[in-house]
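Included below are structure tokens for two forms of one protein chain, each presented in isolation as structure 1 and structure 2.
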Structure 1
């Protein structure tokens, strides 16, 4: 910690938050709000006189509320920076001059009640997100009585009670009577691995080993304490973990396989009675403990939303930030130039956090050292001549890579190439068809469709597959030698978001029996949320087909991940089954209907363009 404070190339902003981020990989413009501390951190020499005179005491969050601190305080003794600050919400009244005791005693005149927040602009090429986790609040597990029973505490509270720097100077006592507990029960998986609406479904990764650690600390300090751990599985999977677990058992800690159903307090002794089934024997037990420690899980930062929106990040269903690829790009965010370190990505212990931080620093370092980034030439080109400045492109872009148009100032949408990842959603959604994707142009894709459907289209299933999930899913089917009928014809796009409704209709007009649009599962979408636009588009298309009298089932939508080769093969088999239900009459009817639809659309665009042209000419004449 101290090294960071001293490092000549690290500028530390504490009590600060990132307020805005614009720009793109290699070129981020950031503003940071440096909140007022009201104490000049460069002048303060931590003499502590101010704290002595401050008349206000509030619960000390660092000590988990077990002790108090003053309104002017140092967060904890080893804090970096080693400087005081004033908690203005607690400082006497809105008018601190009413008190002013600390300013009076400060000989170095460090205290300025009128200090203001500062906004600091920064230019950076890479961003590392290391916002960590929060500890789960177990109050909703009413059956364990946290907050109702004083002697039920969390694992975080345990840390402060056992710590020499804690509120009791390391004397381990229980809250109700400050007596040393002789029987301590630990309840595992609180808020984790839950299938009920309470808590979270994932394993929090650290609480098993943390409890093993806690039991060893107790055994070490107080050999007479009897610890019992109520658990469903002990996950001691890391290097040296099994050894610690064994040591804990050897130290006499009792591990009982079963999570308590209920904890109740004996009002006289303030002891706790635990009802639990020992699942190894099937016996229902009632056990008395002096203190209960809830091994609480960890949850995503609740303010993660802020960082998420600032940097265009996505979250998995768990709420943790989603990486670019779970195996191959575990510390890269889907937005280029952004990397993850530590628990922000998923719960992990210190060692794994440090390892991942090294990886993130290395990934960011590669970018910074190279000094330049190349942008794959798959970005959109907007032909503004017939752009109506509707702004849909900017709205659907998952990366904010299109500067929105402004009809009033006459500004057209503008592609920020370096921010674009080439998903093609804008091109698919543009109602005027004026966006061309480089290397995935309409002409190229329509050319593929025509070639694939030239011969016996009625026997074919035309399948659009995205570059990151469905296409490699199809590859995996091959690697696994999963066999399926030979009627499918794949067209690769970067993202299913690229699949213009016109491509699908074009295929049906060419007589394809079936069309499949396949992409990544929502949580895996390589373009943040582009796949949600695919879904909306296809749902709309189904309605349209229905209205036109074309069987909507002829267009299918499937989410197939790169790991789902078997699923790809079974989807293909199912599509082949559906293909056989499509009659030649149906195909012919659809061809006629769609030819007319395309003609109508062409006519509409022709007219609109002519109108825009004459309007523009008129304006030019007016100006002249």
Structure 2
């Protein structure tokens, strides 16, 4: 951190937060709120005189609440900049001044109670998201007695107690009586790998080896301490991790396979009695420990939702940010020019975080040094001649890649091609059909539909499959030799968001018995939230079909991932069963109804466009 602060080409903002991010790759406009420190960081020499006279004491979050700090404080040792700041929520010296002692003793006059936040605009070419994680709060695990029993602590609190820079100067004691514990129990997977409402279903990655490291620390510094680890299973999968695990066992650490069901306190001794089943022997045990350490998992940053909206990011079901592709682009966000580092993407240890940080910096460096962005030729083109400036295209774009129109100034929607990923949602939602997708145009997709339904359409199931999930899922079903009916015919689109309801109605008009729209799961959408617009569109279409007298069940919607080849096969089998229930009379009636509907739409568009053209010609004459 100190090297970063001294680097001439790095601008470091501490005690700050990003408020807005606009623009696109290579042209991001970032607004940073630099919060008031109330202490001039350039003049302060950290003499500590202000701290000595401050009468306020509050719990020190850095020391996990085991010690206190003053209202004027330094966040942690070796903080950058090396100057104090004032916690105005705790300070007595502001509006009105009831104290002011720190200002009185400051010889350099660094303290300004009237300091204001500063807004700093930045122009950047790339953004790296490294928001980190938060530690799971184990309070809801009431059976372990955290917060009820002083001698039940978390692994983070253990780190502060045993650290030389901690509140006890490295003297390991238990909180209740400040005596050195001789028996320490570690409980694993607190808040992780839990299918109950408490905790999270994923593995937090770091907990097992953190506990192994803590047991080795105890064995090295306090050989007489008996350590017991209660675990589900130990995941020591990194380089050298298995060796550390073996060394821990050789140092005398006892590993008992089984998670405790209950912890209670002996009121007299303040010791803790652990009730646990040894799953290797099947025996129920009650063991007494002087101190219990909960190996808590990690959770996504609670302010991750703000970052998500700032940068148009997508999240997985567990709340971490989702990368563009897990193998081909592991540090790239779906939004071009945004990269991930550290635990923003998923829990990882320091080594993996450093590795990913280097990869993210390299990706950003490549982007900035190139000077140009190469994009696929699948972006939309807007025909402004008949655009009504309704703004729907800008509203539905997951990337904010379409500048909204302004009827007052006559500005039409404009596509920022560098920010567009070609999902096609804008084209599907455009009510005037004035947006054309390169290489996935309406004419090309309708041509595919006509070709696939040319012979015996009543025997076909036409499926629209997205490029990233459903289409690879269908491919996996084939490579796995999964058996499913041969009546399926696939139309590939970049995203299910590209599937216009006219495509589905055209397929039904051509005689298709069943139509399937398939795409990514909501948490896995490669175009952020485009799949949500697919669902809204299909639900609206079902209502329309019902009003027209066409069975809505003939149009199905399924979310199929690239790894779900078996699901694709089962979905196709079910659709084939439904296909056999569709009668020739239904198909013919739907053809007649939909042909009339298409004629009505064509006539409506023709009249509306003629009216717009006439209005435009009239305006040109008036100007002349």
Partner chain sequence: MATPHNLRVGVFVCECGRNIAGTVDCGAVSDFAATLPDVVVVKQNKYTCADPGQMEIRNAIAEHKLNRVVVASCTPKIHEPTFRNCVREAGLNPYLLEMANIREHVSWVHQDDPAGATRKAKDLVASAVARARKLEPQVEAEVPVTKAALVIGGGVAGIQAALDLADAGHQVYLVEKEPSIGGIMAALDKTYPTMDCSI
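The term rigid core refers to the maximal set of C-alpha atoms that superpose within 1.5 Å between the two forms. Positions refer to the first chain, counted from 1. Not measured: the values here are computed from a predicted model.
In this comparison the chain labelled structure 2 is the form predicted alone, and the other chain is not.
The rigid-part assignment between structure 1 and structure 2 places residue 388 and residue 271 apart. Treated as two rigid bodies, the chain shows a rotation of the smaller part against the larger of 11° between structure 1 and structure 2, based on C-alpha superposition. Core superposition places the C-alpha of residue 480 5.1 Å apart between structure 1 and structure 2. The two forms line up on their rigid core, and residue 381 then has its Cα shifted by 2.5 Å between structure 1 and structure 2.
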